[in-house]
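This text opens with one protein chain seen in two forms, each one given by itself as structure tokens under the names structure 1 and structure 2.
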Structure 1
């Protein structure tokens, strides 16, 4: 329930919704259940069984898939006896001539560098805790950074872009999907699963509780 009574509890028993500032008493939430803000519905707590282990495993899988996705051929195009294989790397270099070079860096960042950074950061934060150790040094700033770059890691947007591009060239030539395409699809599914196991406020509470202070 929302917090209506007098301020007799200590501040650590309370939680303010980060999205609407509604004040709540920290509830007892069962594993697998969710606690939402009464006013705006933002998920405040969502403890999951073995969530940290799963996040670490999924991040590692995603990292391996990402490496495969970057280096294996992504799509192959053939028409009139001419063929061309291209990798994700070629898509990044598409803007590399002249004025558009900065866009090349941006695309590289959005579809490869930032997703990889995020996976590595999450492994760094959660792996020690999944093993039952105290959080690693600077785990808090690393997690804050990982949350900060979250909207800019656009692997899943890229996959929809590929689908649209395929339809555009379908009339022009025959297109074959390479192994990297499937690696990328797997990567997107894993990313969505992983983000489902993560509740920001819960992570902060765990980080706080396990840190030696």
Structure 2
């Protein structure tokens, strides 16, 4: 038991590279500096000034854009004098009949529900700390959950798939992009910026330091 406790303590200040699994001792990194893996050069830590505030603001902006992206017209197809507008919500409902119902739930979850859940979770975790307060109750569990669902929040994958489909459809009908399309584009850009501002090691260090034991 004592050996196990010593081993756990010795690993508590270690960090594994997400690409090559190389182990490093967690360094002291100044704001604006970077710590890289000595084996493959992957950035391990990159704390930034005001990062938590920026993440909260970007997450709130992403929530607003997501609402617009779901309910506003996404695109309009017109050919031979006939036209039809469609939104993301319409696309989800298109699979809601019969055996296609599970696909409707999957589309809604991957491109709407999970991204929104992750944005709300990040706001819950970062907003109190951005104001200088102690972390919210269960903030560590909520952040762990937000990181767990991150690969499944596929709003950016959806917009890439739509872009590929538009290339094929453009030769058959006239395509007019609606405001929801550009909202989705903005959402993808904001998601990339948000993840770029987030140093996950620093977040865990801050949560552990500020959370009551």
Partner chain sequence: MSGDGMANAERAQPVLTARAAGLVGCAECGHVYQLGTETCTVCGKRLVSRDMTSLQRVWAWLFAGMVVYIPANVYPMLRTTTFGNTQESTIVGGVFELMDHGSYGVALIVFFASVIIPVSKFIAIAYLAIRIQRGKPGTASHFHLYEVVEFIGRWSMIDVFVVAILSALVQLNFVASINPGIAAVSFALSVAFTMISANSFDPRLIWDAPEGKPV
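Positions refer to the first chain, counted from 1. By rigid core we mean the largest C-alpha set that fits within 1.5 Å across both forms. As the structure is a prediction and not an experimental result, all values here were calculated from the model.
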Assuming the other structure does not fit, state which one is the form predicted alone. 2
When the two forms are laid on each other by their rigid core, does residue 154 show a Cα shift of 2 Å or more between the two structures? no
Quick one: core overlaid, is residue 36 moving 2 Å or more at the Cα between the two structures? yes
Following rigid core alignment, is the displacement of the residue 177 C-alpha between the two structures equal to or greater than 2 angstroms? no
If the rigid core is lined up, how many Å does the C-alpha atom of residue 22 shift between the two structures? 4.9
